[in-house]
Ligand SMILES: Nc1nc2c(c(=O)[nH]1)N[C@H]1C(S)=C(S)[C@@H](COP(=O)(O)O)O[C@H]1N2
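One chain comes next, on its own, written as C-alpha cells: the form predicted alone.
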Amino acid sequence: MVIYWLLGENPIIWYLSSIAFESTHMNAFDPAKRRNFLKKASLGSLAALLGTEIVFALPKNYLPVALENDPQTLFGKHKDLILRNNLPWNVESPAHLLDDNVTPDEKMFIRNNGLVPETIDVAAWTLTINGEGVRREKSYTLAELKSKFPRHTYHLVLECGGNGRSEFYPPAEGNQWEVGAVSCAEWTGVRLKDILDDVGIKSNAVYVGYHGADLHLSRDASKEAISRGIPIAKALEEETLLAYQMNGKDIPLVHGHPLRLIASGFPASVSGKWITALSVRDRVHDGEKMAPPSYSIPCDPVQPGTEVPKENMCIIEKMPVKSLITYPKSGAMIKDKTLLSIRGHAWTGETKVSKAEYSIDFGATWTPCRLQQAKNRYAWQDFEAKVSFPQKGYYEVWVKATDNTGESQPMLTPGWNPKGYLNNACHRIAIKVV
C-alpha cells in the first residue's frame, strides 16, 4: 500500500509567504529569494517544512524537490491549488476556492509559457513603445507612467484559452485544465489608449504586440517565451490596461510585476506579464505563440480528432459566455426537504451576461438564478439560487449563462479543436440528498 502525503500549513510557510523584494516600491513575492532562503535554512527547518525527518545529509545549497515544486511555499498560493506543471508554472484553482467576488492572489491560477524573471529592478524598469504604426518611438519609466497618465481601476476576468481542456475527447494537447484557470481581480493602471495617444499612432496601425522579461524555457536570451498581441480596436478600449497593481497592491511577481497588460474578453495569453515593450504593428503581430495552432481554432467546425492545416486555423479573439458554480463543492450531501443554496459567477467576452439558470434534471428544464450586475464591463457577475429536490437520491446541479447577444452555454463540450480551446460547456456539480 502506498500512502501519499502533502505539505501542510505551518508557521515557516507563512513566514516565507511574507518575504518580499527589498524595493520600497514592491511587495510582490520573489521566488528567487524564497528559494535562496530555503537553501540556507537549517536541516531542522527544512524537516519542519516537509513534516518529516530528512534521513540523509543534503548537498550544499540543495533544495528538496518537494519544496522546489510547491506553489504554496514559493508563491504564497493556497495549499489546495492544483499543480499542472512547474516548467513553466501552471497552477489551477479548484472551483470551490473561486467563491470570492474579487479573486485574491492566493487563489488565483498561474499560467506561464516561460520562466519567471529572476531579478526585477523596479527603479530601472522602462516601457518602450515602437513599431511601424507609431509616429515616434518613446520610453517611459514606471514613475512616469504613474504620474503622467490618469489612473483607472476595473474588475477584469482573465481566463486561459484552454480552461476546460480536460473535457475534450479525443484528448487535446496541453495542460489538462478543468474549470479553474480563471480569475476576476481588481486591476489598477493606465489605459493603453492614453499611452498610444501620447506617442501617436498612424493610420496603418493594425495590431499591438507585447514583449516581456520572462525567460524562454531554454534560457536562450535570443528567444521570447511568448509575444502575443491584440487588434488595435481592442487596444483602444477603455478597459485595456497596463496595470501596476492587483487588488490594491503591487502585482505579485508570478502574475506580472511590475507591469502587466490586461485585455479582458480575449484569452488571457494576450494579457502579457512583465511588460518591457509594446510594438504597434502594421500587420497582425507575428511574435511567439501567435502562429497556429497556438491560441487558434479551426475556422470552420471539424470532426473530432481531425488534423487541421494551419492555414485553416483562426486566431481566438473572443472568449465565450461561461459560468462556474463556486458553492457548494461538488459531492455535497444534504438532508431531504432541505433547500440548497448555490452561488457562483458568470462572465462573457461580450458586453454582459443577461441571465443565468440552473437545472437539476440534466438540462430538461431550467430555473432562473438571481444575477447581479457586473462591476464594469469584463467583470464577472455573481449569481445565486435556492434549489429544492423532489426526493432523496443523486442529483446534478447544472448552471447555464446567456450573454447579451443571445449566446448560451452548451450542455455538452462544444467545437472540438486540436488544442482544446474555448470549452464553455455548462458547469455541473454532484449532490446527494439523504
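Note that residue numbering begins at 1 and tracks the sequence as displayed. If you're wondering where the values come from, they're calculated on a predicted model, not measured in any experiment.
Below, we turn to the form predicted in complex with this ligand, even though it does not appear here.
Partner contacts here mean any heavy atom within 4.5 Å of this ligand in the predicted complex, and among 209-217, 149-157, 130-138, 353-361 they occur only in 209-217. Although the partner is absent here, Q72 lies well away from this ligand in the predicted complex, with no heavy atom inside 4.5 Å.
Among heavy atoms of S269, some come within 4.5 Å of this ligand in the predicted complex. Although the partner is absent here, V179 sits far enough away that none of its heavy atoms falls within 4.5 Å of this ligand in the predicted complex. In the predicted complex, this ligand sits within 4.5 Å of a heavy atom of I226.
Residue in contact with this ligand in the predicted complex (any heavy atom within 4.5 Å), chosen from N113, S279, T326, S93: N113. Taking a 4.5 Å heavy atom cutoff to this ligand in the predicted complex, the contact residue among Y244, F168, Y295, W125 is Y295.
Contacts with this ligand in the predicted complex, taken as any heavy atom within 4.5 Å, map to no residue of 398-434.
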